[in-house]
Ligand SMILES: Cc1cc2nc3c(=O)[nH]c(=O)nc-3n(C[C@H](O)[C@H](O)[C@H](O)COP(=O)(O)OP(=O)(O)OC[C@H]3O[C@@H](n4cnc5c(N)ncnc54)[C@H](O)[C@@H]3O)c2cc1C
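Let's start with one chain on its own, the form predicted alone, as C-alpha cells.
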Amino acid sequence: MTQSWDIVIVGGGLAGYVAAAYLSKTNLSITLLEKGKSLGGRARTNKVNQQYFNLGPHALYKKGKAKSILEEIGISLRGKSPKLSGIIVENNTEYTAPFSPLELFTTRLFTTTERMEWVGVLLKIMSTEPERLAEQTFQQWARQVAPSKKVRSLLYTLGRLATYCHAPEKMSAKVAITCLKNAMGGVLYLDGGWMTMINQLHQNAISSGVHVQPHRFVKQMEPSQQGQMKLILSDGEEILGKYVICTTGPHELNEMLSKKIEFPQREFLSHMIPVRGATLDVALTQLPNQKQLFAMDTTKPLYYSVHSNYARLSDDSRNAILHVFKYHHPDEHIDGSTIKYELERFLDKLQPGWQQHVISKRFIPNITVNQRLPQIGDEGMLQSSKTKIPGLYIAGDWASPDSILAEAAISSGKQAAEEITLNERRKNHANHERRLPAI
C-alpha cells in the first residue's frame, strides 16, 4: 500500500528534526525519512574506543539563531566556551594571537601601526550592518578595511574560522560578516559531541508522534495526480505527502526531482559550490604541551584546537580530544596522502611527541562542511523555504539567505515549518469562510 502523510521530511539531520519539532505541535501527520542507517547527518558523533569524535571541529555560536531556536524547543546544551587565546603561525613562526586586549599589545605579530589597524578592523566588524554588503565579496570588503597585508591575512584567517570557507574572492561579504559577528560573541563546545542534540531531537520527535524511518532513500519526487507530492523510494515503494520538506543538498535535490518538472531554481542549485575541508581527529592519553590549546596558520589554511579542554568528549576525563583541520579552496586539487602529512606535521609542531599517546585517530581527506559557498546574489533565490513546486519546501545548511552551517540548517528548518503552518491556517480559514451560511 502507498503510505500517505500530511508532511514528509526528507533527511534526518538538524534541519529535518528542527522542522519536525515545530510541526509536531500541529495535528498534521509527519514522517521523517533518512537515507542512512544512522541519524544526524553531519551533526552525528562517532564513539571510537570510548572517545567522542564529531565529524571534524564543531562549535555552536552562543549568540546565534541556532542556539536560541534549540533552547526554544527544549534542547539542553551542555558544554563550555573556549578562551580567546592561542597561537598564530606565520611562515612557521609562532606568535601570540591578538584576540584579547592584553595579547593584542604584547604579541610580536604586529607593529604598532598594525595593532591599531587590527583594532579598527574588529570594531568595523561589530559595527557593520551585513545587509549593506550584499554586493561585495569578502575580499573586496577586507581590502577596504585592512590596507596592511598582514592585518588582512589575519582577517582572512578569522573569516575561515567563522565560516570554514577558504575563498574570500568568491564568498559574500554579507554572510562572512554575519558569521564573524556571531563568532566574536563566543562559541560553545558540547559535552558528548553534537549527537547529544540529535538524540534529544529524535526522542522529542518520537514522543510527539513523528514516524522516523531510517535507511529510506528517496530516488525521485514529482507531483501526483491527487495534488500531493509523490516520493519514489529506491526499493520502488511510493509515499504521498501533502507537504514535503527536503533537507538534502542542492545537487541531490536536483537529482531527485523528475526532469519532467518545471523547476526554476534547478540551474541555480546546480551551480552551488560546496564548502569542503580535511580533518584529523585525534584522541590522546595526554597532551605533550598542556598549554597549547588553539592555533591557526595565516600562510596556510590550517586550524588546531583541543576541544576536550572545554567539553566532555571521552569516558576518561584525563584524555584529550583535538582536531586539526585544513580548509579546502574550491579550485584545489585534493591529494589525501599529501594533506594527511601536512596535518600531522602541523600537529608535530604544536604537540611534539603526540604520536606516543594516541588512543584513536581518524583522517577524512575531503569532508563537506557546508553545501553552499555563499556568493553574491544567492539570497535572491533563497528568501522563502517554499519552492515554485506546490507542496515542496527546502531547508538545510545551504537554504538560508543570510547564514550557513548549523545556523542555516536550524533556522531554515524552523522557517519551513512556520511557512507550512501558516499555509494550513490560511486554508482552514478559507474553508471555514466557505462553510459559513450566507446572510
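Keep in mind that this is a model prediction, so the values were computed, not measured. The numbering used is simple: start at 1 and walk along the sequence shown.
This next part talks about the form predicted in complex with this ligand, which is not shown.
Among residues of the shown chain, Pro401 is not one whose heavy atoms approach this ligand to within 4.5 Å in the predicted bound form. In the predicted bound form, at least one heavy atom of Phe217 sits within 4.5 Å of this ligand. Proximity of Gly41 to this ligand in the predicted bound form falls within the 4.5 Å heavy atom cutoff.
Taking the partner from the other structure, this ligand in the predicted bound form has a heavy atom within 4.5 Å of a heavy atom of Val369.
Only one of Met256, Val212, Ala134, Leu269 comes within 4.5 Å of this ligand in the predicted bound form through a heavy atom, and that residue is Met256. Phe325 is the sole member of Phe325, Phe294, Tyr243, Trp141 with a non-hydrogen atom within 4.5 Å of this ligand in the predicted bound form. Looking at 377-385, 401-409, 22-30, 45-53, the stretch with residues near this ligand in the predicted bound form, meaning non-hydrogen atoms within 4.5 angstroms, turns out to be 401-409.
Applying a 4.5 Å heavy atom cutoff to this ligand in the predicted bound form picks out no residue from 219-241.
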